[in-house]
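Only one chain comes next, encoded as structure tokens, the form predicted on its own.
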Amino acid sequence: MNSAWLLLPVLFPLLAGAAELLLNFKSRRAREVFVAVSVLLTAAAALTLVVFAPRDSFVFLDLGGRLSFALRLDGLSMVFAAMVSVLWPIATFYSFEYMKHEGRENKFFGWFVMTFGVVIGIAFSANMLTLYLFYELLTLATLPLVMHSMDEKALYAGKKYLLYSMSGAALVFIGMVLLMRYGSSLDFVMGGVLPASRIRGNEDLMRLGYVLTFLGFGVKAAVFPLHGWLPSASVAPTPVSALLHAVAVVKAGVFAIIRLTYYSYGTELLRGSWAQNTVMLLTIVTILFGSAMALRTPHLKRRLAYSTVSNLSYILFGVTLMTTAGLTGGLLHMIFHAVIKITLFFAAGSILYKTHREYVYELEGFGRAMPVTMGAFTIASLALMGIPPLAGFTSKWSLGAAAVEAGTPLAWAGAGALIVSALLTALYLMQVVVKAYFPGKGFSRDSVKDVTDPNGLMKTPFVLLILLLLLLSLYPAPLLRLFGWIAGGIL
């Protein structure tokens, strides 16, 4: 397959989304058809490329010297692109119903479709410069989605998101300059692009560059103390929150850190150094902090946001172990968390859409009143807690086993953090489930007499996601083999 096709799933949604902003649709139905076709064609193109991957890079802009904007597929980009392409259409159909009460649908779906193209661009980036371009475009494309309602809270969240993202971009730029100065190229090569002969005498400078770049990408990956934008962004419409917290922005940060660690700087320079210890310690602190904050937060969407803060660092903990087993476990949790967390946010969105209730203490008796919504929430909660044989158990077990295999004091501390976080996860999610199914003595059925599940456009995504979650739970072996090959540098 000609490598020029790599540009299609990037450019097409950008043009389709721009057209969405400009066109004056005669009816909601016409807009929904346009958006659905745009998203499905983009997903189909991306998945086709994943299956029939061209081996060559496609350079769409050559700046001379070693600088170019180029696209290429390897094992890691296939995983990220496939995850996004499967989940984005499901979120789209959920959004058609949800956005009816939000207004400004043309604007929303225009930026929504364009963001899809930008995320595919991140997945397909062949080098750090291209990744940096699409990474910054992601901030610009998602900013209008965060500020969609344009009220005081949304504007504040947008400003906070922009400030954090710009600060992170500055740190990433420093690391990219160091790569340009001391690296053989900016291309992504398993094992890194820093030959010992080029960095001799500057090893600590490069390690400092790695830590700064880790923090820069760590803004979108919500690493403590750079996580502050994420809970604030929960004011966005739920489909946006689901994509921000499960698929697009936060996972783009994780994906970029994997590229940085394994494909740019390389683990040989970092393993056993103060740089590895620094970033691993940050992930351990974030795991515990996010779980503790989720437990003490009564607002349901913000509780799920802090849960995301914690679980993203599960992935990054595996990454910072800098072993094949650690990266395998991290990739596994990246996929499983995406499916689980988008389900949880869809459930929270359905509750908000049907009842306008936002707090955990308001959900008494919802188990019977919203059986599909709360059933999906419960299954996803059990999976995130790590109850066997559900998906979260497999990924957490893989991460724990990788930590034990690494055997360092910090790795053991990380394994302990995973156990404590699992207990906290059970507390902050089961509190919701218990209130929904086992209301207190003062509960009156009249308080939920008008509470029902949403219509098919919002329920069908629940069914699809739960089926996908169960499939991944029962058959994790193919993913484990695939991620093991990627981590071992075979693909």
Partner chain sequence: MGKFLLAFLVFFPFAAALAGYLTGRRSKAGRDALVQASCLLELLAALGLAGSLGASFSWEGFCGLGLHFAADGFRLTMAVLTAFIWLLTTISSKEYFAAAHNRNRYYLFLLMTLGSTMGIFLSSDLYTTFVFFEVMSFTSWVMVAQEETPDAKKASGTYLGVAVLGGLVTLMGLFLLYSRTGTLEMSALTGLAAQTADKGPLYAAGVLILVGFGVKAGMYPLHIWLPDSYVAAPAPATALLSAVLSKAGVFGILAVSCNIFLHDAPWGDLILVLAVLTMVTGAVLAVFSANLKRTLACSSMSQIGFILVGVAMQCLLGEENALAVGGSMLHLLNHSLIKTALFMAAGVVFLNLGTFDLNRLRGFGRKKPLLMFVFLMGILGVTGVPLWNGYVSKTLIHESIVEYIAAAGLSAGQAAYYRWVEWLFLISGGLTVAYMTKIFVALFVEKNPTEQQRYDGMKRYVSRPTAVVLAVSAAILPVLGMTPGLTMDSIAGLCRGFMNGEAPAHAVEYFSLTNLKGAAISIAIGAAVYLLLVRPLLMKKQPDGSWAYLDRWPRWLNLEYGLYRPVLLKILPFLGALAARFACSLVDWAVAGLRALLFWKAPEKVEPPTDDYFGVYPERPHPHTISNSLAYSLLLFGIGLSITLLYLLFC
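Residue numbers count along the first chain shown, from 1. Please read all numbers here as calculations on a predicted model, not as lab measurements.
Beyond the structure shown, there is the form predicted together with its partner chain, which is absent from this document and is the topic of what follows.
- Think of it this way: in the predicted bound form, its partner chain has a heavy atom of just one of G191, P389, P409, G272 within 4.5 Å, and the residue is P389.
- Of the listed positions (Y263, Y132, W88, Y353), a single one reaches within 4.5 angstroms of its partner chain by any non-hydrogen atom in the predicted bound form, namely Y132.
- The shortest heavy atom separation between S167 and its partner chain in the predicted bound form is within 4.5 Å.
- Remark: R259 does not count among the residues lining its partner chain in the predicted bound form, judged by a heavy atom distance of 4.5 Å or less.
- Using a 4.5 Å cutoff between non-hydrogen atoms, K159 counts as a contact of its partner chain in the predicted bound form.
- Taking the partner from the other structure, its partner chain in the predicted bound form has no heavy atom within 4.5 Å of any heavy atom of L15.
- Stretch 219-227 is the answer when you ask which of 90-98, 115-123, 316-324, 219-227 has residues with heavy atoms within 4.5 Å of its partner chain in the predicted bound form.
- Three-residue candidate spot L163, F289 and A401; every residue lies within 4.5 angstroms of its partner chain in the predicted bound form by at least one non-hydrogen atom.
- Residues from 403-433 that approach its partner chain in the predicted bound form with a non-hydrogen atom closer than or equal to 4.5 Å are V404, W412, A415, G416, I419, A422, L423, A426, M430, in the order they occur in the chain.
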